[in-house]
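Consider the single chain below, provided in structure tokens and representing the form predicted on its own.
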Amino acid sequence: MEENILRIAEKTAEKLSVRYFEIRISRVTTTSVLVQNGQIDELSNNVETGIGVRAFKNGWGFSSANDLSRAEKAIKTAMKMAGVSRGPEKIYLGDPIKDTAFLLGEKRVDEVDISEKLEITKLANELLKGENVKNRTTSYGDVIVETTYLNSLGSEIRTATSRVRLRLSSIAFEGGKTGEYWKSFGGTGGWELIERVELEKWAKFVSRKSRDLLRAKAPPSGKFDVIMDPELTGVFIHEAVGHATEADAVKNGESIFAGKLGERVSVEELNVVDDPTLPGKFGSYAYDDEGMPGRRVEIIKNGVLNDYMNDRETSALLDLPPNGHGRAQSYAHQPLVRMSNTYVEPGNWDPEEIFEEVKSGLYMIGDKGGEVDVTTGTFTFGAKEGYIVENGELKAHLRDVSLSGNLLEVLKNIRAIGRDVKIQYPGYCGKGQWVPVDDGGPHVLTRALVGGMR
């Protein structure tokens, strides 16, 4: 089947003078379980097979099909589109790669009975029970993507990647107030990632946090010394620095970091990395969706903007070595420049020393979403909770607290970077398409605007 598809593609490319093509044939197996307040809202297992074809001539052409019997039509459509579209003059065309890479973990998720997945999701839901907890939601999901990648350079790469994720969420109500908390676990690997979760400990933690937030206070407003916990550090770096250093934003002139390679953009102690090769993390992969090896990118090195994340197109346009960051949501989507696992490397401070450094400020914990304008570098992030910090000690508990400011100002206001790096916040990044990512870092002390969330 694959040899026949490749032969059709080669003949069609020769006939239509297509300069480059690539084919992804994927088999995707997914399991989803959702339990809410003890009731099973979703229990599904699906298998899908499809093909995505991308071709380059005067620009890109792309076509996909969820039925391999339509592979020839997808090939011809993509190549005809490449002839009439307009795009970049060149793309990176490196050496062909022949390889096999399996990231399936120790215990394959497709060998675990769905009843076991349901039971652990139901148990987690039961453990979330507590006074004033009115809504308990637990979800489990796994996916195995088996892909054969072929291109006109002669590449032939077979990959199988397994990802698994468990999410616990609790909402408490009392006296017209709402307290909400959640936590996610998972990564690239097998069922062992779920078996390692201390379920009772974390379910009770999430439930208690949702209740504690009922009695938390509104935050003060103004400019403060702010300590970000590892989770908030991670989302800040992902949203504010990561998206601004994706090379398609740079190419389009939409990034505050465009044209700034080699310039100092932060304090010297800051190092920011994106690394798809980290073992077991949710955003890890061996090869991207353009058949390029995933490579560690040192985005900010000793405070200097050092590199962008790129794909075949932006690598050629910006004359930078390719680093394997062209990712697609599925075979039915075209690759875009995307992050993988983005984090701040460890500094020299013990967390205790960072808190002692703050005489009057705030400690902000967790990620509650936000907005970033990568063109101007302005941002607003919500934290799950916060605390007033006075003379190094935690005081009043805060809720609905947000952090905002200008990216470059906040990076240059960093006063301390902890040693305690954590990269364990599996999630999905949206950019027209959804891809799995992870992020993190240590505790970081900076100065920024703080306020409430509407």
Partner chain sequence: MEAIEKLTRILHRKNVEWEIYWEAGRSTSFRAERERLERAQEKFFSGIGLRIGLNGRVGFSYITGLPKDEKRLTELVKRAEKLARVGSKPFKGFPEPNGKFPEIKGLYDRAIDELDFDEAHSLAKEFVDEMKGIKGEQEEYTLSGAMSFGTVNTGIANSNGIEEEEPRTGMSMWVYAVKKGQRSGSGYASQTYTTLQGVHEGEELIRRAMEEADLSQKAEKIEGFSGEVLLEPQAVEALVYLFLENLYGEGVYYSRSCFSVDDLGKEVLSEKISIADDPTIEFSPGSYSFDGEGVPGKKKALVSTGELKSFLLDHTYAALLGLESTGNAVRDFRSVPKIGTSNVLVQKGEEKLEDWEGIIVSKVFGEHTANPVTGEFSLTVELGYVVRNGEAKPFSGNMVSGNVFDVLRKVSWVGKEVERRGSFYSPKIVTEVRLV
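Residue numbers count along the first chain shown, from 1. If you're wondering where the values come from, they're calculated on a predicted model, not measured in any experiment.
What comes next is about the form predicted in complex with its partner chain, which does not appear here.
Enquirer: Within 4.5 Å, heavy atoms only, one stretch in 147-155, 270-278, 199-207, 309-317 touches its partner chain in the predicted bound form. Which?
Expert: Single hit among the candidates: 309-317.
Enquirer: Taking heavy atoms and a 4.5 Å cut-off, does N413 contact its partner chain in the predicted bound form?
Expert: No, N413 is distant from the partner.
Enquirer: R264 versus its partner chain, in the predicted bound form: is there a non-hydrogen atom within 4.5 Å?
Expert: Residue-level check for R264: no, no contact with its partner chain.
Enquirer: Is there any non-hydrogen atom of Q424 lying within 4.5 Å of its partner chain in the predicted bound form?
Expert: Looking in the predicted bound form, residue contacts with its partner chain do not include Q424, since no heavy atom lies within 4.5 Å.
Enquirer: State yes or no: in the predicted bound form, is some non-hydrogen atom of V372 no more than 4.5 angstroms from a non-hydrogen atom of its partner chain?
Expert: Answer yes; at least one heavy atom of V372 falls within 4.5 Å of its partner chain in the predicted bound form.
Enquirer: Let me test this: is every residue among N46, P88 and Q334 within 4.5 Å of its partner chain in the predicted bound form, going by heavy atom positions?
Expert: The answer is yes; N46, P88 and Q334 each reach its partner chain.
Enquirer: Using the arrangement in the predicted bound form, list in sequence order the residues of 62-85 with any heavy atom within 4.5 angstroms of its partner chain.
Expert: F62, S63, S64, A65, N66, D67, R70, K73, T77, K80, M81, V84, S85, in sequence order.
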